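Only one chain comes next, encoded as structure tokens, the form predicted alone.
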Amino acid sequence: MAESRNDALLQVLRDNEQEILRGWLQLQERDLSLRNNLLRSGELEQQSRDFLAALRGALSAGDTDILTSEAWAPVRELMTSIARSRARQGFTPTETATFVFSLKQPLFTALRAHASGDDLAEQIWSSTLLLDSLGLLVTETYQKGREEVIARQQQELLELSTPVVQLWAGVLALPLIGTLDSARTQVVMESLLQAIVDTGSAIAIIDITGVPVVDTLVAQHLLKTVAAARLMGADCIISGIRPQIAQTIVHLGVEINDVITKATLADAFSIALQRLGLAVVRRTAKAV
């Protein structure tokens, strides 16, 4: 029975493809009328034509296993491509799923002209199950695509929020702003170690003025970064130790006895220059 219903759907698509395509495009363009900046009309039409062609090919094989059948692989690949593309372009989940679900109206209209009574009910029900399955596939793929976009953006923000600055020959500064978690610590450590290698610096200043809260976990992350830098031959100075942070560290019992700490970045920079045998002096104005 499933094969006969698929045969009927296939015949309807073959006989009425252009009419179905026109009706489908009209519905999609109406629903996406305010999103022309994200998707051009020509691109939408090409995606719709490709989908109908892939659908006809899958139905011709007579296999109803949409999720795993080899015959449906082109349809799944096309759905995946469209869903991921729209996730990157900024479409909502509803707008993305509408690509499939909006096909129901023109398709059912064509089916009503092809059959009636119980045959029509069976064909509509079969087509509904088919399009619903494809719609769920598109939605799931879209969600994965959005998660990938978000993860990539988070990684880019982490990299942008951990700049390593060379204050002087042999002196690096790493200003930290925001929460320091395990993922960000890894990025911080990699950035700092690479900068040490690239510049051959002997001293690195880690400034935590912009870190709102320092707890046991944050302190451990800082000490791990300091230890990694020492293995690369660079000493670390932690600056930005506010009174509240000092009290918190003491209360938590975190041992940082072997790490130099300063209240401000300027104080830390002064210590770094002293270690390098350098000094900043005020020039005396020449008498006129």
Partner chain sequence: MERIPILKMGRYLLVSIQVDMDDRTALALQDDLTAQIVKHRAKGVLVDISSLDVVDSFIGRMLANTAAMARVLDAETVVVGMQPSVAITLVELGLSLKGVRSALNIERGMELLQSVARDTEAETADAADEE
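Numbering follows the first chain given and starts at 1. This structure is a prediction, so every number in the text was calculated from the model and none was measured. Think of the rigid core as the biggest set of C-alphas that the two forms share within 1.5 Å after superposition.
Omitted here: the form predicted together with the partner chain. The next part is about that form.
- By the 4.5 Å heavy atom rule, the three marked residues E190, G200 and A227 all count as contacting the partner chain in the predicted complex.
- In summary, the region of this chain contacting the partner chain in the predicted complex, judged by heavy atoms within 4.5 Å and restricted to 44 to 52, 241 to 249, 219 to 227, 22 to 30, corresponds to 219 to 227.
- A heavy atom within 4.5 Å of the partner chain in the predicted complex is found for exactly one of I196, L176, L103, A83: I196.
- This chain is drawn without the partner chain; in the predicted complex, the residue among Q186, T109, Q89, T92 with a heavy atom within 4.5 Å of it is Q186.
- Interface residue remark: A61 is not counted as part of the site for the partner chain in the predicted complex, having no heavy atom within 4.5 Å.
- Not displayed here, the partner chain is approached by M232 to within 4.5 Å at the level of heavy atoms in the predicted complex.
- Annotation: Cα of L55 displaced by less than 2 Å between this form and the one not shown, core superposition.
- Superposition of the core reveals a Cα shift of 2 Å or more for T225 between this form and the one not shown.
- The rigid-core alignment places the CA of T128 less than 2 Å apart between this form and the one not shown.
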